[in-house]
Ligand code: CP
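In structure tokens, one chain follows: the form predicted alone.
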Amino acid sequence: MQAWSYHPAFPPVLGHVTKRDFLSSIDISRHQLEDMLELAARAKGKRPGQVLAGKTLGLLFFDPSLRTRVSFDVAMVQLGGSCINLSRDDLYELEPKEQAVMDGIAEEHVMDAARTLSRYVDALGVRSVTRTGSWARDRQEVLLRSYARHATVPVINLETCFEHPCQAVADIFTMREQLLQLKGRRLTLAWSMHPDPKPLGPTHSVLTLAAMMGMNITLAHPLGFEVDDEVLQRSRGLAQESGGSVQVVNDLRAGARDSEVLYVRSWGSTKYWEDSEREAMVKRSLSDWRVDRDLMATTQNALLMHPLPVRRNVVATDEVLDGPRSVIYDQAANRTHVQKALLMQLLK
């Protein structure tokens, strides 16, 4: 990222940063995160006007999207800019490997696509969550990182199997909006049942940023559904630095007990990443990993969060999703305001 400047109605709150891309939840410090949240709150309360007039954001979606696509599009429109949305159907098969002999199905190298798109747009967002069958490969975010390496404009991670930093910033924003102060507050990140193997991106990014904010985090999941160990150890270090903590339990009720925020979602097993049939078989006995009224009653009147889309009455019951402690639509709405803050930081 370059030095950040703002419209006079939104005075500078951030200093110089070391990356022009936003690829990971660790691309920003706690101070920079707090300043981004402050700017998002201002953008939510008072629209900053046409501060990105004439700017164009290119969005590349290699996988489906609703909230990410629409929130970025709306954010750019409200800031006076515009979006170009491209899906997998609009793009050639791409080769991300350096010095590849392109005699296979790939029609274009990422290098050429990224350099060309950089001549058209002022920033690029990339979503690619498709599993290749290898966790060692998928955690490297090869396509996203290749775009970032070759593009000459800022690149934003719109979700990979490994991270979803834009979602996580909006989730932290929502928590702070509801609780005011996050340090020392009790967050449970709870695995839930889902028929499909889901990416770990939102879980990894929320875990990282919540630890950065000094929350006391309980990660609750069945055996075999551990998060990436590097992310876990990094989060423990960040929590310790910030006065928080991270613990892991393998029991949903124990994990949810006395929590102030219950963040529920499913994620795939890195242990069975290359064997979806084996993962599906393991999950047959885990249907009780679901949020219902009885589970919510064990919490400290917790906020219920989920990044959506949600499998109703599988991940959580209608009663709790539509209940008074559910903030799932606030999370979704706040995506736009956080996106506005990020885009102002990158493009002004």
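Throughout, we count residues from 1 along the sequence that is shown. Everything numeric here is computed off the predicted structure, so don't read it as measured data.
The discussion below concerns the form predicted together with this ligand, not included here.
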**Q.** Interface stretch in the model of the complex with this ligand - options 216-224, 82-90, 162-170, 95-103, non-hydrogen atom within 4.5 Å
**A.** 162-170
Q) Taking the shortest heavy atom distance, is residue 67 within 4.5 Å of this ligand in the model of the complex? A) yes
Q: State yes or no: in the model of the complex, is some non-hydrogen atom of residue 309 no more than 4.5 angstroms from a non-hydrogen atom of this ligand?
A: yes
Q. Is the gap between residue 335 and this ligand in the model of the complex 4.5 Å or less for some heavy atom pair?
A. yes
Q | Partner proximity in the model of the complex: residue 185 to this ligand, non-hydrogen atom cutoff 4.5 Å | A | no
Q: Sequence order please: the residues of 171-209 with a heavy atom within 4.5 Å of this ligand in the model of the complex.
A: none
